[in-house]
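There is one chain below, alone, in structure tokens, taken in the form predicted on its own.
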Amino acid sequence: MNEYVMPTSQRTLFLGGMVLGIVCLALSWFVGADEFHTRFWTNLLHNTVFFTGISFMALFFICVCITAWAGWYTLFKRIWEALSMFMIIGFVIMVIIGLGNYFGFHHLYHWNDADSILNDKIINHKSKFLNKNVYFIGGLIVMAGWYICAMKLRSLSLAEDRNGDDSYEHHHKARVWAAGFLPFAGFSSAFIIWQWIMSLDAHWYSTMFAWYSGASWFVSMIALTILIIIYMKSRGYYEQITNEHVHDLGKFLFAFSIFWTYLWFSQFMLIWYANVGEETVYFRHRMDNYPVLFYGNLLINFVMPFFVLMRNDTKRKFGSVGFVAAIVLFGHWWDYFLMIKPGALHTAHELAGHGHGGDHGAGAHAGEAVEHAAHFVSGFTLPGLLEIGVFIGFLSGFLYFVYVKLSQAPLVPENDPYLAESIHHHV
């Protein structure tokens, strides 16, 4: 079967998940809310950034494979094309968050507080880069560039199906677009990660943070690809995809879980060894106040995939690799929770304690006092039921979007010049 039809039961399941997510997101506006509704806005930012990053990494890896003249992925490249198209949804939500910096919808970013810019030397020094104009306009330019490339590569892929005689011409055009996109993707993804995530901890910076966050996105994308393939094969689709293809995806899942850990350790070790205050604050704060999140992150995203996938044969078994993919997908959602929630909560405490401004140093001590006094803050110290519900809602919406896109084109690009290589792929 080369035409996907979404069954009614699947559609109902996804719609039910989306309703659950919307209800949980709405409740997070009211339940345990501070004056800035930080729980609501961090839930929205967290899930939007996570799933938009998966979408971006699908596009990025398509471009890598095209540029490298790789053919092994061709059988299931429509999955990555469908994943990449979700960026338009992330684009719309991030526009809303960007507008929030102008109109005071939220107070996620300490650098967007006028008094802090005036009175905090570090934030003032960074204000030419960390400001609402760069955040909004720069984000628009970057995401527009990403989505334009995703649409172009998708259109060229579909054109191969319609015009088989010109498949090499279409593939050559795709190679030009892919080669041009890769350097743009490298620089722009760092810019986006610095703006959207790292600037939540406005005093802190790390030159490795963009690599670290990008690796987390990439592992999540591979994990979701594996799960979609396993589901599709269970429904009778993608019969030509074998354990040879799954083996390669399993190797990527294993290898980049190790790479993510290498980046985690390198970033942590160098900052710990140097013991420079404005750098150690990021890890010290999370180790002291969020130990379950901090150490659980390593257990889920390194220890578990490392020991399960270390054996070569487990990467070829749909059950074992699918189990690891499901755990790791949640694990890197957990990773982004740890990146986003502590910094945003700390900022909310600082602004609340100083009337939306004042000296950052004093504000930091006030924020720390509130956090230590609270001990456990629902939706921040650990993901609560509302956070899990929002995750289910975003995941359901993401998958619904992806499967709709899969139903709009043949699952296997029959006129792709590398299809035969993919069918006979062997490792």
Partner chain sequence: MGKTKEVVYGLYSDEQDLLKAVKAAKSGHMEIHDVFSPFPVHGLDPILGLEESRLHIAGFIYGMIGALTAFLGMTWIFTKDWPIIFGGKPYWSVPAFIPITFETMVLFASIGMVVTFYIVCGLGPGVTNETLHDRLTDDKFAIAFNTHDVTVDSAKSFFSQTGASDVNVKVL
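Small disclaimer: the values here were computed from a predicted structure and weren't measured. Numbering follows the first chain given and starts at 1.
Not on display, but discussed next: the form predicted together with the partner chain.
**Prompt:** in the model of the complex, which of 177-185, 246-254, 153-161, 270-278 comes within 4.5 Å of the partner chain (heavy atoms)?
**Reply:** Going through the listed ranges, the match is 270-278.
**Message:** I'd like to check something about Asn312: if you look in the model of the complex, is any of its heavy atoms closer than or equal to 4.5 Å to a heavy atom of the partner chain?
**Reply:** Answer yes; at least one heavy atom of Asn312 falls within 4.5 Å of the partner chain in the model of the complex.
**Asked** Looking in the model of the complex, any heavy atom of Phe103 within 4.5 Å of the partner chain?
**Response** No - in the model of the complex, heavy atoms of Phe103 and the partner chain never come within 4.5 Å of each other.
**Asked** So, in the model of the complex, is Tyr168 in contact with the partner chain at a 4.5 angstroms heavy atom limit?
**Response** So Tyr168 does not count as contacting the partner chain.
**Request:** Please check if Tyr295 has a heavy atom lying within 4.5 Å of any heavy atom of the partner chain in the model of the complex.
**Result:** No - in the model of the complex, heavy atoms of Tyr295 and the partner chain never come within 4.5 Å of each other.
**Message:** At 4.5 Å by heavy atoms, is each residue in Phe265, Phe307 and His426 next to the partner chain in the model of the complex?
**Reply:** Every listed residue reaches the partner chain in the model of the complex, so yes.
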